[in-house]
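Here we start with a single chain on its own, the form predicted alone, put down as structure tokens.
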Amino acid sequence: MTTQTLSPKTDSPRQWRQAAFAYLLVAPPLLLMLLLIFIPALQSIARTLTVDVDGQVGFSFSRYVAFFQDRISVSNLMFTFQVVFLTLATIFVVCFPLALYLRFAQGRLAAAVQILALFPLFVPGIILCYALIRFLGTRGTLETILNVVGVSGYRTPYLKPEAIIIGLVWESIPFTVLVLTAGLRQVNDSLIESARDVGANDWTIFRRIILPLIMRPVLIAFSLNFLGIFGAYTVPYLLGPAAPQMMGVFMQQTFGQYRRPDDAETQAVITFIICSLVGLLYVRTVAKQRIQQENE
């Protein structure tokens, strides 16, 4: 019995057609990304690095120097970083226990917890903001409940950084829980059972087995939450203080109210560069995961 094999000459046209079809499928979204994201971003970067003096166009960092020399601009940038990292820390403190519970628990209670964790997905951001204003604001629902039970001296977080963090955490819970739960489901139950058989407690299992195996989902959740929070606008605008401001609100007011499009473009480029660095972390994590899956 002989086995027939395709020669390279007969197989290469088929491979070429398959590759051409694959590139054809990828071409529309790639072109859309180039036209709507990369080309405008490169044009904005080029404009912020050029200066026109007496008709002479030259290379200059003057816009960026002016940004970092402006006390208000630097204060808003630092405030944005502060809110982002405090929000991320709160998100993981809230979502890690939820994800662990949903991974290992079963029954109706676990199903109800999962529904509650995913509920913010179906609430628009502006509705969330007005609900939090009514709940957290002065003489709002929370203060009324505290007065009923005899607790006085309530100070509302509304129009303070705390309100921004609360709103952004609420918005980020569903996505973070989904990513962490998906990562935890990749942890084989046999590993946990083997660790328990040799006497490992729950904390040792979490620290030595679960946490190392879900570092990639954690990095993915961190990266995507960072990008969404750093550029957030609706929640900081409606719940946050008038000053300092997060970069999304700062850019809009610089462009719309102060009529300074050049400064707003510089702020946008700085925000884009910071988010791109975090985006590289996300791309690297996903690429490593894909390579590992292909090798397996």
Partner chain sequence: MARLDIVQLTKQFGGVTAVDAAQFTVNDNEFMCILGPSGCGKSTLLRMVAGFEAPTSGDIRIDGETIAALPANKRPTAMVFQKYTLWPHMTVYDNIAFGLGLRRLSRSVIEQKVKEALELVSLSGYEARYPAQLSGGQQQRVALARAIVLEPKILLLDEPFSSLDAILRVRLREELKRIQRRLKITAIFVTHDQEEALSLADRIAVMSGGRIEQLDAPSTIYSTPSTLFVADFIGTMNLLQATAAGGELRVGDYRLPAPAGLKEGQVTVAIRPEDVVLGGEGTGWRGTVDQVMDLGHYRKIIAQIPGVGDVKIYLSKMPDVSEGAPITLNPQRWLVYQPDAALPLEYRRAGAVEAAV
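Positions refer to the first chain, counted from 1. Here the structure is a predicted model, which means the values were calculated and not measured.
Keep in mind that the form predicted in complex with its partner chain is missing from the display, and what follows is about it.
Of the listed positions (118, 86, 218, 209), a single one reaches within 4.5 angstroms of its partner chain by any non-hydrogen atom in the predicted complex, namely 209. Contact with its partner chain in the predicted complex, judged as any non-hydrogen atom within 4.5 angstroms, is confined among 74 to 82, 88 to 96, 186 to 194, 161 to 169 to 186 to 194.
Among heavy atoms of residue 198, some come within 4.5 Å of its partner chain in the predicted complex. In the predicted complex, its partner chain sits within 4.5 Å of a heavy atom belonging to residue 213. With a 4.5 Å cutoff on heavy atoms, residue 106 does not count as touching its partner chain in the predicted complex; it lies far away.
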